[in-house]
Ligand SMILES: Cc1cc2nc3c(=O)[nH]c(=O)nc-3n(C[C@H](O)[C@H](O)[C@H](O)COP(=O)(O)OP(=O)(O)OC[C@H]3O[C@@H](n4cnc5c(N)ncnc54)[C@H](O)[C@@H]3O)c2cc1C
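Single chain ahead, written as structure tokens, the form predicted alone.
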């Protein structure tokens, strides 16, 4: 795909916004922060689409439920997605079949169909304005060796009774070597959706923003959560953070990998409305955004975070003269392409690892976890159980994840002043502390500790989004060192004694 070229400004002469197209809809400080000790039956940690969906299902159970979000509701992973609601998820059914069997891949397919039905039902029943649009889904390739995977996906879908249409071009006229199209799929604005859900549940559930959880202890049968240095006692905890950093017994780093993608939104004046994804390298993902303004979203260069070098250069293929927004996102890829949803230990639940398909799986997670808590059956609880049995194919992935973690850690330590850094970035040592310095256009210096508080990886400067990113587990920090995305929950601010 060589139809992109490098640019500095868009065609109106305006600067491109280095944020997602959805961040315009965030309601910051819509809820107060936690200021005093309290008790609850259930504490939900994380205010993205998973946490809000779980709270929605639990709102009328008679339980005292508290939701804690360290920043603003929806401000992290949810605000950085493409917002597709689809069961045609790249080649995931084939991947699941290859690890387990066809029956398991079909069960996953049915879970996604049910999740779509449930999500649309919530939007309709609650009269939520979230720019929901029907959009046919396309899966295509221009690489001959990749066509076999698409045909395998086609066969599984047909076996499930799905209508599948073979195509040789996308609706925008782009010719492809081979592809398939499915109907009954959608796109929407995920932030408008969870803003509406938040308003629906706020009279039932206490929601706290800017409330950072830093510790969880268990005393007898009760959990003690420390957030903003304040203790909350709870019988049950639901962890809905993107990467649950404090679940050491679960060993997330060796049970998943992370995938980083690069995304842009372009001004669009067509009447097209479809979503598409390729399995080429680099991959391409497309969708259109309806709203007060119309955009085309394009995602590309998805790759294992451990091997993402030259962050800034990965944005270059997206830069054209009609661009309005530019951002990146990170997804968790599990060892068997099934999410981890359910009870990890008594009264401790997690929901994570959506393999880039968070809109359906977050809704599914809220339903599954709320059902388990309320002692109701859920037909997909065993499929997604976080402690499901491994087989030889999943066990063989552990060495790969361990080596990936080791590579990203060591590479971050060995070469700190990357060759793609401009002169406005410097990694140096000040009073025995590794410090990252960014010099803005006026010469001001922004200094941070160049070490991720999560597991100690050295950070990489992201020149497009002006953040310090962890190459190991995707924590992100702003220029002042404030943590804006986990798994770290600690800041990396640096005070120079000489200033």
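In this text the structure is predicted, and so the values were computed from the model without any measurement. Positions refer to the first chain, counted from 1.
There is another form of the same protein, the form predicted together with this ligand; it is not shown, and what comes next is about it.
The putative spot formed by 82, 213 and 357 is fully lined by this ligand in the predicted bound form; each residue has a non-hydrogen atom within 4.5 angstroms of it.
With this ligand left out of view, the stretch that reaches within 4.5 Å of it through heavy atoms in the predicted bound form is, among 153 to 161, 82 to 90, 367 to 375, 131 to 139, 82 to 90. The contact with this ligand in the predicted bound form, taken as any heavy atom within 4.5 Å, belongs to 240 out of 240, 265, 338, 341. Only one of the listed residues (257, 329, 236, 301) places a non-hydrogen atom within 4.5 angstroms of this ligand in the predicted bound form, and that residue is 329. Among residues of the shown chain, residue 68 is one whose heavy atoms approach this ligand to within 4.5 Å in the predicted bound form.
A residue is said to contact a partner when one of its heavy atoms sits within 4.5 Å of a partner heavy atom; residue 45 meets this definition for this ligand in the predicted bound form. Taking non-hydrogen atoms only, residue 482 never approaches this ligand to within 4.5 angstroms in the predicted bound form.
Of the heavy atoms in residue 489, some are within 4.5 Å of this ligand in the predicted bound form. Contact residues in stretch 172 to 193 (any heavy atom within 4.5 Å of this ligand, taken in the predicted bound form) are absent; none meets the cut-off.
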